[in-house]
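Only one chain is shown below, in structure tokens, and it's the form predicted alone.
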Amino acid sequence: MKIAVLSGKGGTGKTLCAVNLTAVSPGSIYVDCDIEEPDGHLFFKPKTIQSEKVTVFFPKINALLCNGCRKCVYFCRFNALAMVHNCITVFPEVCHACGGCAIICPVLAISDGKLEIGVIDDGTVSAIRIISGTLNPGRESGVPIINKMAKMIENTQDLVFIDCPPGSSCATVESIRIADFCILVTEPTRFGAHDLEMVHELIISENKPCAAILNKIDSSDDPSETYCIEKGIPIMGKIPYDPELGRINSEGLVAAWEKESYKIQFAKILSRIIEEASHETVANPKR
């Protein structure tokens, strides 16, 4: 089973939940798809890391073959190609690596130059596999990195936790497409409820079953809980506002490995998630 953990905004405790749910499930796999700012490895500190560079198509122009027809320039909707002094110039910052320019070139003057966009690290710690993708600064899309990580876990029978990017970007969409079940992590604020609604609508559009974890709960009213009740989103657990948990997390430690009470807390939440996800699978087998 593949479980995506996501949030509508940063700072809700998404990675906190993803890391600790993984920590209480030995033999599981943690996949960090938050490729612009991956930080799960800072908690797990995996060993025996193997790194693999991720490349995408990049137009390599053969000036000797190019006849200056400009068909590639007219084709590119991202303006990544331009004719400058009778020579095709490529602007890598805006190239989306679609490969269309190479297909449309009538004289085969464009080939794949391979552009490195990031790296995937694959390591282990305490019988847990840690896969982390990192997008190079300045690159416009990390979707190819997420797709490559998806293939790495495609046929696994292990329990997988996918730490998604916050929000509803293309990277988030690709991350949840890997998943069988989604967990929405939110906080008891109006901003939290607003962004919960946004990411919930994304989940609905992808036809994915979901549940929620409410984090930083105190005695005040919780608009996020109200939203969950109104929309029929099952609540898997409520994590109280806890300065000690915040301190442990800020020090880059795994709370479930540091204190027995946190281990019990996240184990109970995981048990509810698996039960709910299994129920959804049986009720909606075609999902």
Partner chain sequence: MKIALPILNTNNGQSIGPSFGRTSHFMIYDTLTKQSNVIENTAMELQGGAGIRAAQIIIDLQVNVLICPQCGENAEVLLKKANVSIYRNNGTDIFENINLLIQNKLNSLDDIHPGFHHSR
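Note that this is a predicted model, so its numbers are computed, not measured. Numbering follows the first chain given and starts at 1. We call the rigid core whatever largest set of C-alpha positions still superposes within 1.5 Å between the two forms.
Below, we refer to the form predicted together with its partner chain, which is not included among the displayed structures.
Visitor: Though its partner chain is not shown, can you say which of Met198, Ile103, Cys170, Ile204 has a heavy atom within 4.5 Å of it in the predicted complex?
Guide: After the contact test, the surviving option is Cys170.
Visitor: Counting any non-hydrogen atom inside 4.5 Å, which residue from Ala150, Cys95, Leu159, Ala193 sits next to its partner chain in the predicted complex?
Guide: The option sitting close enough to the partner is Cys95.
Visitor: Please run the contact check for Lys216 against its partner chain in the predicted complex: heavy atoms, 4.5 angstroms, yes or no?
Guide: So Lys216 does not count as contacting its partner chain.
Visitor: Does Arg70 reach its partner chain in the predicted complex if we count a contact as any heavy atom within 4.5 Å?
Guide: Yes, Arg70 is a contact residue.
Visitor: Does its partner chain come within 4.5 Å of any heavy atom of Thr134 in the predicted complex?
Guide: Flag for Thr134 set to no.
Visitor: Does its partner chain get within 4.5 angstroms of any non-hydrogen atom of Val84 in the predicted complex?
Guide: Yes, Val84 lies within 4.5 Å of its partner chain in the predicted complex.
Visitor: Out of the stretches listed (206-214, 103-111, 178-186, 84-92), which one is close to its partner chain in the predicted complex, meaning heavy atoms within 4.5 Å?
Guide: Stretch 84-92 is the one.
Visitor: Using a 4.5 Å cut-off on heavy atoms, what residues in 124-145 are near its partner chain in the predicted complex?
Guide: Stretch hits, in order: Arg139, Glu140, Ser141.
Visitor: Rigid core aligned, does the Cα position of Gly68 differ by 2 Å or more between the shown form and the other one?
Guide: Yes, because once the rigid core is superposed, the C-alpha of Gly68 moves 2 Å or more between the shown form and the other one.
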